[in-house]
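Here you'll find one protein chain in two forms, each presented separately as structure tokens under the names structure 1 and structure 2.
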Structure 1
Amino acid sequence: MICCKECIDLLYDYIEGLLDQETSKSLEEHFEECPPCIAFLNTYKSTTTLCRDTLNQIEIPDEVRHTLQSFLKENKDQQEKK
């Protein structure tokens, strides 16, 4: 069974549909038994949607966008190595 910390670590991949079926099922079972994690999931989804919608409406200078994309990619790569 997945614990709360693992749940939080897997949220991005879960929302993006990147998890294997077994891990997704374990995560969904955890959500059924853990109201705080389902509340966190709902907040996370809302925040992600809001940020995406806002970023689509704001013009970001190319240099800032490239720096941000590089930073996010590096952090994602570091997280995957853990």
Structure 2
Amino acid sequence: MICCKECIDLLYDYIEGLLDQETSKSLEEHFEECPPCIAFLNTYKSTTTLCRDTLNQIEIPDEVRHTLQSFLKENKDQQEKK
């Protein structure tokens, strides 16, 4: 049976579905007998979701959008004059 260390090393590929059937099966056998590793798997997955959802909320603030717009307009006007 694989140990916790191997289990955690394999988590990434397991979640991505990249493990071969045999390895995947022995990992699942480990999970059945090791609640801490299930807790680890669940919190590992949650971490990704939480961070993604939080960091994806970033919008361009209105004042930045305006600055960018006038900056681009200026740049364009300059180009057209040339």
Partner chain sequence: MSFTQQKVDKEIEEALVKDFQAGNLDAYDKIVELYQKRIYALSFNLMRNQMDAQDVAQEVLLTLFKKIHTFQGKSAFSSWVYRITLNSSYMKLRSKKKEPKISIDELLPSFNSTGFQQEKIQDWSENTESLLFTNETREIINKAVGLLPEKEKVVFLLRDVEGLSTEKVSEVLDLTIPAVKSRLHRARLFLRKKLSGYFEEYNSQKGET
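Since the model is a prediction, treat every value here as computed from it, not as a measurement. For clarity, a rigid core is taken as the largest C-alpha set superposing within 1.5 Å between two forms. Counting starts at 1 with the first residue of structure 1 and goes up one by one along its sequence.
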item	value
Structure identified as the form predicted together with its partner chain	2
Core-aligned C-alpha movement of residue 50 between structure 1 and structure 2, 2 Å or more	yes
Is_shifted residue 66 between structure 1 and structure 2 (CA, 2 Å cut-off, rigid core)	yes
